[in-house]
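This document starts with one chain, in the form predicted alone, laid out as structure tokens.
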């Protein structure tokens, strides 16, 4: 029996979702996106070009095309309440309703929930809504702080003292935000992403992934939405022990339990961003959806039927037997316009090379007359898959290098040298 599934969003993450759903012989894809993604569009039976936060036209499109389910990719429509509105119309969603999505959309809510329920991994923090109070705290605090806008920032709003800003820079940044910030102790360690499928009560883990936020090689430059990521064949990471992984998963299970007991059950994908520190894994943040690029890593390995996982999430009957990933390594490398993220060159033609050994995911790119053109954000991504990290990295590197145009990428992602640096750093801390 076929089902019609609406995919909301038009980036690389959503292309990965659409591709995974399309592998099921039972799915007819519908899609909504602000800008036409050629990869998603090629898989879809019907496409609506519309901002994902404009709920009314999305609802009308879903109803008119008989959508049976919806999968929500980005965070902004979650914050706009798209799940609540779709489900009011009888279209169940793989994605949390508005109150559950507060885990991501309101950083103050997340920290206060963790502290109130004694959930492990919560750093020392203070919440401010007045710039003068926040600035006074910064000037009197001994040490460095992480400065986090309370609301959504597209993964680019966090500033770290001692890394991005000095103390006076922190003061200026807080003032520009109107003082609505969470100030936290700066965590030192190695980041990792832990994603899981959640049906409100049950939680099933995915392979660990390490993202690379900084714009340039060697982890230099400003933060971006993510320049690429890698995962290992054993679904862990060399600087994350079995105990670390267990502790991180217990934190996520506790969050799901607290949300369910509080009357706001969490359904969809829960994304835990952790810092592995000398004292164990600490929570940097939670996201209420797949990561981008991390979705491309894990969904490229998914051997189970994503549409079945979706229906199990909706029905509250998810189990570990529903989810299986290939025991292989992945490396994802994002190509971005020259000048990204500060002054990206838009409208530049991009020519793909011969990339038979990789998966190609389109992101913020326009196709006109058979030619691809850069836009203002990340352009496209290649995912290499291999029995070893080295094989996966070589595959992704060859594909990325073959592209012609005014684009660039981080060639160090997934390399042995960068991984060795991560492992050494963790050993030094412990």
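Positions refer to the first chain, counted from 1. None of these values were measured; they are calculated from a predicted model.
Although it is not shown, the form predicted together with ligand AMP is what the next lines describe.
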Listed range touching ligand AMP, judged in the predicted bound form by heavy atoms within 4.5 Å, from 351-359, 133-141, 319-327, 158-166
158-166
Mind checking whether each of 184, 213 and 275 has a heavy atom within 4.5 Å of ligand AMP in the predicted bound form?
yes
Looking at 245, 312, 148, 267, which is the one with a non-hydrogen atom within 4.5 Å of ligand AMP in the predicted bound form?
148
Just one of 217, 87, 106, 191 has a heavy atom within 4.5 angstroms of ligand AMP in the predicted bound form, so which one?
191
State yes or no: in the predicted bound form, is some non-hydrogen atom of residue 79 no more than 4.5 angstroms from a non-hydrogen atom of ligand AMP?
no
With heavy atoms only and a cut-off of 4.5 Å, decide whether residue 102 touches ligand AMP in the predicted bound form.
no
Might residue 91 be said to contact ligand AMP in the predicted bound form, defining contact as any heavy atom within 4.5 Å?
no
I'd like to check something about residue 112: if you look in the predicted bound form, is any of its heavy atoms closer than or equal to 4.5 Å to a heavy atom of ligand AMP?
no
